[in-house]
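So this first bit is one chain, no partners, the form predicted on its own, shown in structure tokens.
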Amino acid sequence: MPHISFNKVSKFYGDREVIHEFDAQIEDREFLVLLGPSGCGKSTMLRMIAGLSDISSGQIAFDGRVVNELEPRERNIAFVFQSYALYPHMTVRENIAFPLVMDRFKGWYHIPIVNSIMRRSIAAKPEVKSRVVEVAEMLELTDYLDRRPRTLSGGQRQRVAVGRALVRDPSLYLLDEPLSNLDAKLRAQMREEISALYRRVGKTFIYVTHDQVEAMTMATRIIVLNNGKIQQIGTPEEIYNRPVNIFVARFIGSPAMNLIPVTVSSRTTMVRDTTFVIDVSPDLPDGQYLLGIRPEKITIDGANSDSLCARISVVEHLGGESIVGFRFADATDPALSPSRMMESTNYARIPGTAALKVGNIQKFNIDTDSVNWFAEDSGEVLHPTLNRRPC
């Protein structure tokens, strides 16, 4: 089971650079998620690891052995594709067995007629049959072994694709957005199944997705990509609570982290364009910054005189919780239009279904122990020592 290292790996398509000097280490038995928006280079990175795409520059090494020139089958990896890539004319049994059959295939077996005879002969070998049954039982596919893919649901097809990857017992599993074609209920079910599978097989998984829920619930570590560049590497908790820049802060979380423009003056923090002062004094030079705060760290308070007033612009009741959108400036400018109100909307996540109405003025409290400070010009995180006024 390999330790994987990337040394300034880059990929160009003509003059266009899609991966820029990717430097990272993947430890043995990690569940690493490559996370980022569509077109950021995630799938390209996965294909380079698999050997399906050439590396323009840099090196990928498995346990110290550079694999840039190795053929895909020499890398001992399994690849689960987004589109399942099942053979429609084969049964589930034949689809799962296919990698084992091809491992035993000789060049002259490709001769017409000989091809089908030898394929059936290899598939009938006891060691192949028993391995297929073992994988099918693991993925609860035993009752479907003699059915063809067109008769299966999306979740069942995805399990067949995973089974085909499992059957060879590779040292590394690569999964390219395997759940993107499933509905919400099936995605939740398959997340649990893939996580359980990861714990069961004890191998390294590298998983590509643009879905932050998949990344946060499944990964042991996450690499966030944007425009082919690594933005941050860390555990889900680190990525969520301590983003290194405003891209990560806004990409992770639903709703995303609030980025409130503030002015620090004489060790006092004031929300820009308002007269409200936040009860947190950062050890920062006077200037303009972005204060980052997660929606669940903002609470509603109608009594605290130090609360921040804001005008409610959105209320979404989700059953056990509500998402409340608000703008600070609206509290002092009731004439603003609804479209102008939405330009700088911040969000709070509150429990239950509070009786709030769009357009009303409401007081909000910010958990000052949970704020992140960002430079307004570069968007990079700052780490000041916070000196708070006593209660």
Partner chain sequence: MTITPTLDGVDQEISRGKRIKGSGPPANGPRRRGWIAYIFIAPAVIYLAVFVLAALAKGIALSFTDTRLLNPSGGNFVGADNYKGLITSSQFWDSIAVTLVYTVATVFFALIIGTAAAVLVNRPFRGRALFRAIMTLPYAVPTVAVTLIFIWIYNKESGVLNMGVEALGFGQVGWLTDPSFGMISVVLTTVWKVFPFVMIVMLAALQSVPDELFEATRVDGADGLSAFRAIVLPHILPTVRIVALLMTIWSIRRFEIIYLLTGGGPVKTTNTLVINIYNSAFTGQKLGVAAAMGVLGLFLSLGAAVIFSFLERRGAKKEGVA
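Note that the structure is predicted; figures quoted are calculated from it, not measured. Residue numbers count along the first chain shown, from 1.
Not on display, but discussed next: the form predicted together with its partner chain.
*Asks:* Could you check which residue among Q362, S53, S322, T345 gets a heavy atom within 4.5 Å of its partner chain in the predicted complex?
*Replies:* Spelling it out, the residue with a heavy atom inside the cut-off is S53.
*Asks:* Look at the stretches 183-191, 230-238, 206-214, 67-75 and give the one with heavy atoms within 4.5 Å of its partner chain in the predicted complex.
*Replies:* Answer to the contact question: 67-75.
*Asks:* Counting only non-hydrogen atoms and a 4.5 angstroms cut-off, does R47 reach its partner chain in the predicted complex?
*Replies:* Judged by the heavy-atom cut-off of 4.5 Å, R47 is in contact with its partner chain in the predicted complex.
*Asks:* Do any residues of 8-35 have a non-hydrogen atom within 4.5 angstroms of its partner chain in the predicted complex? If so, which ones, in sequence order?
*Replies:* Contacts from 8-35: just Y13.
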